[in-house]
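Listed next as structure tokens is one chain, alone, in the form predicted alone.
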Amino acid sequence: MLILHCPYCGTDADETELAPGGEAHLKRFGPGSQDADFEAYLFARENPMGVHFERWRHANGCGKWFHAARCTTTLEVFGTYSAQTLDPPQEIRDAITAKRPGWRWRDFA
């Protein structure tokens, strides 16, 4: 079972208390953008085998959105952090690199 730590209320919540929100760190396009950019924002998503950054909502808790870094093949969680953070915190990137030498954040951004 997937268990994520909510960075806002400090609770370890299992997946039944959470609502998935898809890929994190997407560049959003709004009014005045090119149709192709907006289409890519709405429909083009990564579905990697391995490290992935996702948005989650603590639906049955504080109700806030946060980001999680985890491995999609093993469900290993590297950490969670505020949804207002533009890039993953250095300690989470370091935790990923320690388990997966050669991994780099900018390869996935």
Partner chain sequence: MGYSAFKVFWQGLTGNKGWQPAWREPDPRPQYDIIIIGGGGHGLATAYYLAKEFGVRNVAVVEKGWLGSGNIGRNTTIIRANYLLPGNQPFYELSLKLWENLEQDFNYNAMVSQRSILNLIHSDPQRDAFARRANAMRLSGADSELLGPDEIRALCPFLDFDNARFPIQGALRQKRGGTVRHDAVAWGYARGADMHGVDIIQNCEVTGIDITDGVCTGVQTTRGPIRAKKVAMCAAGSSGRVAALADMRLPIESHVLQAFVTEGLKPTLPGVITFGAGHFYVSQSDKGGLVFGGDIDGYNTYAQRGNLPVVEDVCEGGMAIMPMIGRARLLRGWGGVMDMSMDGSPFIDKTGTQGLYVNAGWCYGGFKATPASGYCYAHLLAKDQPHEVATQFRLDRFRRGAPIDEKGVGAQPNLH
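Residue numbers count along the first chain shown, from 1. Keep in mind it's a predicted model, so treat the numbers as computed, not measured.
From this point on, the text means the form predicted together with the partner chain, which you will not see here.
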### Message
The chain here is shown without the partner chain. Which stretch in 5 to 13, 96 to 104, 18 to 26, 83 to 91 comes within 4.5 angstroms of it in the predicted complex, by heavy atom distance?
### Response
18 to 26
### Message
Since only the chain is shown here, I'm wondering whether residue 56 would be in contact with the partner chain in the predicted complex (any heavy atom pair within 4.5 Å).
### Response
yes
### Exercise: residue 63 in contact with the partner chain in the predicted complex, heavy atom 4.5 Å
no
### Query
Is residue 70 close enough to touch the partner chain in the predicted complex, meaning at least one heavy atom pair within 4.5 Å?
yes
### Task
Consider residue 40 of the chain shown here, and say whether it contacts the partner chain in the predicted complex, taking contact as heavy atoms within 4.5 Å.
yes
### Task
Heavy atoms within 4.5 Å of the partner chain in the predicted complex is the criterion; list the residues of 87 to 102 that meet it.
none
